[in-house]
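We begin with a single chain expressed as structure tokens, specifically the form predicted on its own.
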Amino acid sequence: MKLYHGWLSSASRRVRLCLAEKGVPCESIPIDMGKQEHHSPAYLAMNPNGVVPALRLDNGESLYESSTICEYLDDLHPQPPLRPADPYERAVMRNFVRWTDEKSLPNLLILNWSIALQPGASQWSDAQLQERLARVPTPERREAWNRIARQPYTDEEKAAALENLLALLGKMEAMLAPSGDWLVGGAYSLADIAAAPFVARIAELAPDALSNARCPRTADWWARIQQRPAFALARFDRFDVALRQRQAEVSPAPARADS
């Protein structure tokens, strides 16, 4: 299998973590979102929504939507199981994953894109912008690209996005109270995998919010997640470190004084 993904994409991190937990070999094919490689005809043939990730199967078929990919992997490789056996708990797990997609992801997009994609998009000419927008397949993402290129999110909007993102911690704190170490049914599941990319960014953007004083259960949960061998394999690189490395790779080396 081949995973087309972004190293800093929360959805891509979710699938990489699932693959690592399963121990499933998969070829890594990074997608450069700044260059809009995920809007190319070849990529759109795999994922018509034009977002990462996409999983190319051995038979040539493709899957998209990170939650769908993770459930497919759990079906394909049942051990270790990453979904509750109890039907009700499995439904609770799915509702939580959907909640993160609908409530957490839009707010994280505002924060991440303002940092990672806005500097490049703001340099596009009007003609370049229109050409790039024409390749974006969904109106929601066209609006997001237009915002970062021409109407950057304000400080007030970014503050509101962070506040909305932090609502995840309260939800997790309540879920962990009866379930123990993990979010659903007391066992590690796709619910925990779904939450991990968002909590990783919260730990970088608002570390005080993820303190033992404010949300002790979730802070302990986050420590347990990071101790799992799969977490290191999934490569949750710090956002700021990854961006500095990327900038160093694209910036020309300074001229020598004796050149």
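Because the structure is a prediction, the values reported are computed rather than measured. All residue numbers refer to positions in the sequence shown, first residue = 1.
Separately, the form predicted together with a small molecule exists; it is not shown, and the next lines address it.
- Listed residues Trp113, Tyr153, Phe96, Trp182 were compared with the small molecule in the predicted complex; Trp113 is the one with a heavy atom within 4.5 Å.
- Note on the partner interface in the predicted complex: the residue among Arg141, Lys158, Arg147, Arg135 having a heavy atom within 4.5 angstroms of the small molecule is Arg141.
- Judged by heavy atoms within 4.5 Å of the small molecule in the predicted complex, the contact stretch among the candidates 216-224, 229-237, 38-46, 186-194 is 38-46.
- Although the partner is absent here, Leu55 is not a contact residue: none of its heavy atoms lies within 4.5 angstroms of the small molecule in the predicted complex.
- For Leu162, no non-hydrogen atom is located within 4.5 Å of the small molecule in the predicted complex, even though that partner is not displayed.
- Using a 4.5 Å cutoff between non-hydrogen atoms, Ala11 counts as a contact of the small molecule in the predicted complex.
- When contacts are judged by a 4.5 Å heavy atom cut-off, Ala167 does not count as touching the small molecule in the predicted complex.
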